[in-house]
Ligand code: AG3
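This document starts with one chain, in the form predicted on its own, laid out as structure tokens.
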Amino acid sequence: MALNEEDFFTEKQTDGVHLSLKVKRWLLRQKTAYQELIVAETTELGKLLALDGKVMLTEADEAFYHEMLVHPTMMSIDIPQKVAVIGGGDGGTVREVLRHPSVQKVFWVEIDEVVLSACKEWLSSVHCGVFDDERVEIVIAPGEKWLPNFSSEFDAIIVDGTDPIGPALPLFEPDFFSACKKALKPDGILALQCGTPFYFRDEVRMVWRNLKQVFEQVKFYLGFVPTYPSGLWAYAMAGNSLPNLDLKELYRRQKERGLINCHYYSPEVHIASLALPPFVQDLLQNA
């Protein structure tokens, strides 16, 4: 039988580039106070989470994103104990943070309670029970309003937001980055995703420029997420002083923390991700 348009979830990644995933079953379609929420079961990539028509994750490649958002920063901190996760309603980022055994407390700050509830119900393979972990405190609030209440509090702040538009835009602006700097301990690190330097050049330049206004050091790095626009995804770490860890030290920390069985992250990938292609170097130099 011929498939109709309703059998596919289609993301408009650019005006001329669309990604379509064949859907086996629609699990949830809901308009929240902030965004349109979709959860579906695809034929090829497992369950799908989409917000405002954009793929947030599929079960097949979510670890590619979550591991690279979290581990380069967490591995760069000697003994991470207190972490704030802004956004990330699916729980994948919190899951990866908690793989570091020294972590004692995670404040998980999400603006949209409906997204949390939906992900808790439908995406157990992603959150792996972090909603009920005693180290996790869930806060329903805009991150940009919650974070300024803290000073020298966190070893890491990890921003797992959508693209820098709509309700997530304040999480990419200088005022929020200044609040992050204030809330971090002196050797703390901010991590966030920055979009793709292949299609979203203006957004990437904006985030880089805003981070450089606030932080003494910023490192840009890259990873691969198959269902994200272009597949090439950018991240940033920012802080007062970012360490330059060699392969031997990364291996030592990986073994000490029992951080094995990752799908994408490894000490080798950590180091390689910081090697930027010339077109990305040019993009940042012209920001």
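Numbering starts at 1 and follows the sequence shown. Fair warning: this is a prediction, and the values are worked out from it, not measured in the lab.
Form predicted in complex with the named molecule: not shown, discussed below.
Listed residues Ala63, Met237, Ala40, Val55 were compared with the named molecule in the predicted complex; Val55 is the one with a heavy atom within 4.5 Å. Taken together, the three residues Glu11, Asp90 and Pro229 all come within 4.5 Å of the named molecule in the predicted complex, as judged by their closest heavy atom. Heavy atoms of Trp233 reach within 4.5 Å of the named molecule in the predicted complex, making it an interface residue. Contact check for Pro80: every heavy atom lies farther than 4.5 Å from the named molecule in the predicted complex. Contact annotation for Gly161: at least one heavy atom lies within 4.5 Å of the named molecule in the predicted complex. With a 4.5 Å cutoff on heavy atoms, Thr73 does not count as touching the named molecule in the predicted complex; it lies far away.
Partner contacts here mean any heavy atom within 4.5 Å of the named molecule in the predicted complex, and among 216-224, 240-248, 55-63, 254-262 they occur only in 55-63.
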